[in-house]
Each structure stands twice: as C-alpha cells, then as structure tokens.
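Presented as structure tokens, the chain that follows is alone, the form predicted alone.
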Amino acid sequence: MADKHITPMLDELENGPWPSFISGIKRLRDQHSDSRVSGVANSLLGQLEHSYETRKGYWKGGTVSVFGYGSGIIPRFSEVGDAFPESREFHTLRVQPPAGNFYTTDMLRQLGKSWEKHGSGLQTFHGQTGNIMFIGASTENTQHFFDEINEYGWDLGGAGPCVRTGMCCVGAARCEQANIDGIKIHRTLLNNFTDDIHRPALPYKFKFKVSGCPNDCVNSIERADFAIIGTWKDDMKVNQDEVKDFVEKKGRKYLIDNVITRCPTNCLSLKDDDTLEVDNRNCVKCMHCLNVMPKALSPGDDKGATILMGGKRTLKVGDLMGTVIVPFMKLDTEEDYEKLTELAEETIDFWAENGLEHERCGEMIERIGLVNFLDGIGLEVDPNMVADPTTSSYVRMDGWDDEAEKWFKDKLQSVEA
C-alpha cells in the first residue's frame, strides 16, 4: 500500500458521540490483512478528502453489468483516478436479501469472505431499496463476485428503470400484530417479476413493499408504487382482564392520557368499571392503542390487506403518499395470491404503456387522473377508497348519493348471485 493519505477534514467526522463511517474505512485500511483491500480503502479516503477540500464530487456513471443481466450494478468511475488509482473503479452491487431479512451467521460470513476476496470490504445492510449494498468493486471483479455468490444462492437486485427488489417486514414470523403472510407475498411477487428486476424495460423504477400491519414498518405507504398493508375488517379484539390489569399497573390517568385521548377518531372510552369500549365503526386502524396495550388489544379475525399505489419520494411532482386502490383483499388461498399477482401485472403493463420516461406510477396517476387509472387496470371505483367524501378534492358531490346507492345495490346483487 502507498503512504497513507492525510485526512484532517475526514478526521473531524470521527468526533462526537456517534459511530462514524470514516472509522470503518480506516479500520479496513489499517487492520485488514489483505493489502489490496487496505490499498482501496486508503485511496478512497484520499479521494473523499480531496472532494471535501474542493467541494466537488468526482464520481461519474457509465455502463457495467454481468452476463445476461441489465441491472443490479451501480457504476462508479473516478474522474481523479490518476491521483487515486486503487479506487479508480468503485462500483456498487445490489444483492437481494432474503424475505424478512432472515440470515444465518454462516451465510453472512460467506458473503463477507466473498466480498473481501473480490471487492473493497465495504457493505451496507440495507440500502433504501432493500438490497444488500456491496460497495466498491472493479469492473472485472463484479462478474467474479456475482458468479461466486450466485453459485451458493444469491441474486442481484434491481437498479435502473425496472421492478426493484421487494421489501417486507419480519411479519408473522416474530410479530403478533401481523395480519398477512408478508414473507409469502414478497416471495410470490419476487418470483413472478424476476425478469423485470434483471432487465430494465420500464419508464422508471417500480417498488413493491409489504407491511404486515398498519404500523407499516417498511414505510410502504410513502415509498412504494405498490404497497400491501395487512389489516382487519371485523372488530378489534379486547381482553378486558388485561385492560383492568393495565389500569391497575399504570393508573386510569395514564391510560386516558396515553391511549384514550390520542385516538385520532375518538373511538375509545374507558368505563367506570375499568373496561374499554371501542367504537369499531370509526376505528381507522392507526395501531396506537394496540402498540401501547399489546396484551389487551389485538387485531380482529377477518384479516386481509389494503392495496395502495403511487407512493414515492420527490421526483417530478413532489412527495406522494399511496392512494387506496383496493380497500380490502383476502390473502388466504392460492387463488387470492393469483389475483394479487394479476393486479400487479395489470398495473405494471398499464404504467409501462402510458407512463412518460422517468415518471413514477404515482406521477402518472396524478397526470391522467385516478378514475382513468382504475379503468385502465380494470378496477371498479369503490366508495371505501374515500375516507371522507365531503372534504375530498377527488370527489364531486353532485350526484354522490345516487352513485353510492347504485354501487351498494350492485354490490348486494353480486353477493346474492
């Protein structure tokens, strides 16, 4: 390894109470037994210090891929590679994690050894897309690393205008609030759209994210083009003995201040005998009371999922939250999973045909209108999509009563049939 680069500005980032990424890179430089890894880390620190001094970034993109794939690698070439040759090429490989992020320690060690053999040793668990991020490989070594990890079962994730790697929470495996099998949903969608992950052919990126309950631990509602959130349709289950035990331990004032008054729709009331009454008709499944009193309150038995579409961060029209497309869908049988997959296929096909270049699905919905989008993917308008029609800017109120009456009449006829 060449002489260590002097990095006074980076050293400042190690001050303070929190761990610093600079310390991690320095450990690779100073303590790693492989001189190649040490040299790459030293070169990277030198270029980063140079960027801080000049207040300019020196990474540029390009085209790098492995045989048969069109995505999964984020190319990074240095514009100051002559000064810092060992990090001249510093590509990132996105690798799909297991659903629910379940790993064995043996597999993590195996991945680490492969990356130190072919890459820089820098890893991130996980990126915003959900992938394992292996940061810093040469163009040649991207193929070697992929071949090795693919041999023992790993695959590249999405990058570019494609279906991105899905995400799901740990779900029913460890969480009592889960209403759906998020891991199975994740695997079902992933297996169906594998080709769309590896070979970009869409207007822009499309993300699936699955949350087992409305706590939405993977932030699907604001980050996913297609969000699946577990919920329930019947009454919340209340264990009154546990409610009384909670009151006895915490006190009535605590329960009122931290649960009752924080219900957004005022649907909770504490009776004189320390029992809890729930106005389930007005419950919006915010999960606050269930989180504070998990032994006393739990989801109902009629479980399923709400499907939302169009969530994203800022791009063309600013941040968007997902719009409810399917208020409630059962996910119990293989037929239910087929319906979910078909809905996803219809959505992606319609967006691929009608979306503009570099336009997310939610931006297309904003541009063409929700009614046209629903018509395009073959879904009927459902009044349950609108929580408060009198204040919604999406709904014209003239003729609302007639349309609602017609909808409920058609719904009743279909049930009777």
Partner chain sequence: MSKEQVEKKVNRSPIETGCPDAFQYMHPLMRKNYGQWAYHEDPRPGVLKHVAHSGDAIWTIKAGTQRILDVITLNLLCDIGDKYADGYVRFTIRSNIEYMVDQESKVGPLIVELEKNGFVVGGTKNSVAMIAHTQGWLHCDIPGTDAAGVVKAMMDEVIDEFKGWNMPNRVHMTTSCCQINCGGQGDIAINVQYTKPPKINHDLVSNVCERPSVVARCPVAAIRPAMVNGKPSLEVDEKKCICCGACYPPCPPMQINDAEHTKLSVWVGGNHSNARGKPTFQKLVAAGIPNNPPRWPEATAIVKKILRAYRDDAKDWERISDWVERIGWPRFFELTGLPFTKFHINNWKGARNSLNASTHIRF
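These numbers were taken from a predicted model, which means no experiment stands behind them. Numbering follows the first chain given and starts at 1.
The same protein also exists as the form predicted in complex with its partner chain; that form is not shown, yet it is the one meant from here on.
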{"property": "Contact test in the model of the complex: Glu403 vs its partner chain, heavy atoms, 4.5 Å", "result": "no"}
{"property": "is_contact(Thr306, its partner chain) in the model of the complex, heavy atom dist at most 4.5 Å", "result": "no"}
{"property": "Residue contact check: Glu277 to its partner chain in the model of the complex, 4.5 Å heavy atom", "result": "no"}
{"property": "Proximity of Gly399 to its partner chain in the model of the complex, heavy atoms at 4.5 Å", "result": "no"}
{"property": "Option touching its partner chain, based on a heavy atom within 4.5 Å in the model of the complex, out of Arg252, Lys244, Arg262, Lys339", "result": "Arg262"}
{"property": "Candidate from Gly378, Gly57, Gly369, Pro383 lying within 4.5 Å of its partner chain in the model of the complex - any heavy atom", "result": "Gly57"}
{"property": "Candidate stretches 266-274, 327-335, 341-349, 164-172 - the one whose heavy atoms come within 4.5 Å of its partner chain in the model of the complex", "result": "164-172"}
{"property": "Partner contacts for 9-32, taking its partner chain in the model of the complex and a 4.5 Å heavy atom cut-off", "result": "Met9, Glu12, Leu13, Asn15, Gly16, Pro17, Trp18, Pro19, Ser20, Phe21, Gly24, Ile25, Arg27, Leu28, Gln31, His32"}
